[in-house]
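In the block that follows, a single chain appears as structure tokens, in the form predicted alone.
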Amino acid sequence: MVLSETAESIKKMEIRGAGRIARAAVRALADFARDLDVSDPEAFKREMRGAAETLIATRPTAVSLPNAVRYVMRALDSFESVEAAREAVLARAAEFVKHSEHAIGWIAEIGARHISDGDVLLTHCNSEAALGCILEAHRQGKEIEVYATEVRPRNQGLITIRTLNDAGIRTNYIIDSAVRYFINDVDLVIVGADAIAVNGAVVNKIGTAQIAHAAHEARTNVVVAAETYKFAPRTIFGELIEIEERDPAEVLPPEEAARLPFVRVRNPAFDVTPAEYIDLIITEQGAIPPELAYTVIKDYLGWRIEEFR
């Protein structure tokens, strides 16, 4: 798949989930580097930067995308020839994809330890990491039951319940607005993340904040499962994570909207859950309280202060 096709697939949500998006972008960047026919090293670097910007612009909220692209692009910090730069890009891309795929397994192992036999879980949207924890707990023989939301307006919950059903896990499929109705039946909320700020706040699919608020009120623990590359380094200096608003047509058909001239459809794809509503963040490096998000950015993502200039 050429880079422009990958970018369009990410933008249209044909490729979904922060981890899948990051891996698709890195593979597209590698393919672009492999096929780039230039002889001047500076021209190679310039073309690669343009490709990186195209990919990053597709989904502004999911920081896994710029973090992944940045990881690959750091291969261009110093090089002597186009071929050397190309090989460096391909090597870093392969390294990122391998780590990303293994990260889900590591998160699943750690997350399953926090799920007890007999637990009733609630999950929202379609997170590889969150589902990995649930599936691993089931694989270990723990008797669990899951409440899964439908996730309007794109219905990602359908993907989740199919996965759970295929695994033989008893699942309740509920409308988004029924979370508070069922929250007292739930022992643990486990969700993924599209971005995590330095203060431990979590950006995830719209509705997550309301779920976390209901869980906090019910004294139900909330666990976030997320790879380290979903932490947002620029929030260290107060930069806000942009919340994507998607096409109103996802909510209201254009022909219907045309008959309602005084109605404006708002369709934010994500919301922000405050750190105080989150009990634990599980990464491939281990489980941390949200207030230690800074250590992930500093120690595992390797951002230096001068890079924020």
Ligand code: RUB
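Start at 1 and count along the sequence shown; that's the residue number. Note that the structure is a prediction, hence the values are computed from the model and not measured.
Keep in mind that the form predicted in complex with this ligand is not shown, yet the notes after this line are about it.
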property: In the predicted complex, the residue from A93, V222, A129, A137 that sits within 4.5 Å of this ligand by heavy atoms; result: A129
property: Listed range touching this ligand, judged in the predicted complex by heavy atoms within 4.5 Å, from 162-170, 203-211, 80-88, 137-145; result: 203-211
property: Touches this ligand in the predicted complex: A18 (any heavy atom, 4.5 Å); result: yes
property: 4.5 angstroms heavy atom contact with this ligand in the predicted complex for L122; result: no
property: Partner contact for F270 in the predicted complex: this ligand, 4.5 angstroms, heavy atom; result: yes
property: Exercise: P233 in contact with this ligand in the predicted complex, heavy atom 4.5 Å; result: no
property: Sequence-ordered residues of 41-79 touching this ligand in the predicted complex, heavy atom within 4.5 Å; result: R59
